[in-house]
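Quick setup: one chain, the form predicted alone, written in structure tokens, and binding and motion questions come after.
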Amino acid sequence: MKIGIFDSGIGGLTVLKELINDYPHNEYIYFGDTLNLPYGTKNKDELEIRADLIIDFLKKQKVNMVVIACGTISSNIYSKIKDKYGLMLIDVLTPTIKYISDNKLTDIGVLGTPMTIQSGSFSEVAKSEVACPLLVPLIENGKKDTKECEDIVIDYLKHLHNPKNIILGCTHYPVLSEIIKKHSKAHLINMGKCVSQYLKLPNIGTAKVTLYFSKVDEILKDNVFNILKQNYEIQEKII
């Protein structure tokens, strides 16, 4: 099976990683729109324009389905675009909400991008929500292990008021799991794991991972390696 996945940058690789771990014998084609990130502060029209271009690119790669590995697009325009392309589209919110329901989780906090929090997509299950506009740029710029990043994470966590569960409402945020665990005892809900459990994919195809990014530099290459830690091809593709 050939599966397309996309995000604003490297965040969706945390979803791809879970899919590869659970279903290694598939072909994965990933697009990270690093030239146009962050998505978390774009309006809905801008998000739809980017989604149109990326999904069209993935369709041309003959994918069987597309995973929208972006919390911002999933929470803001998924309902509008899900039937637009004649292709199966999977968002990251639906599997996450199902995981919460199936496990009867309560006392939930959410860390998300400004547009995800503004969308209210988690409002029915969340006790507290915090917009975290500074995290994606820090992660993308290779600064996740700095004191600056840790201090910002600590500040965001304070505003959640110690929930038992935290939804990592942006797919970039699992990269910060160890920092978050250092300062919170909450169970972390990784949307990539929820997606992988939800899909139940076949696992009998050709194992191959091809990564496209609209901007590639050495920091990106290091970030990709640190997340995936396996064989892949990487190319720059502006769309």
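On a predicted model such as this, the values are computed, not experimentally measured, just so you know. Note that residue numbering begins at 1 and tracks the sequence as displayed.
Same protein, other form: the form predicted together with a small molecule, not shown, and the subject of what follows.
J.: Based on heavy atom distances of at most 4.5 Å to the small molecule in the model of the complex, which listed stretch, 182 to 190, 50 to 58, 169 to 177, 202 to 210, is the contact stretch?
T.: Result of the contact check: 169 to 177.
J.: Counting any non-hydrogen atom inside 4.5 Å, which residue from 117, 136, 153, 126 sits next to the small molecule in the model of the complex?
T.: Only one option qualifies, and that one is 136.
J.: Would residue 39 count as touching the small molecule in the model of the complex under a 4.5 Å heavy atom rule?
T.: Although the small molecule is absent here, residue 39 would touch it in the model of the complex, with heavy atoms inside 4.5 Å.
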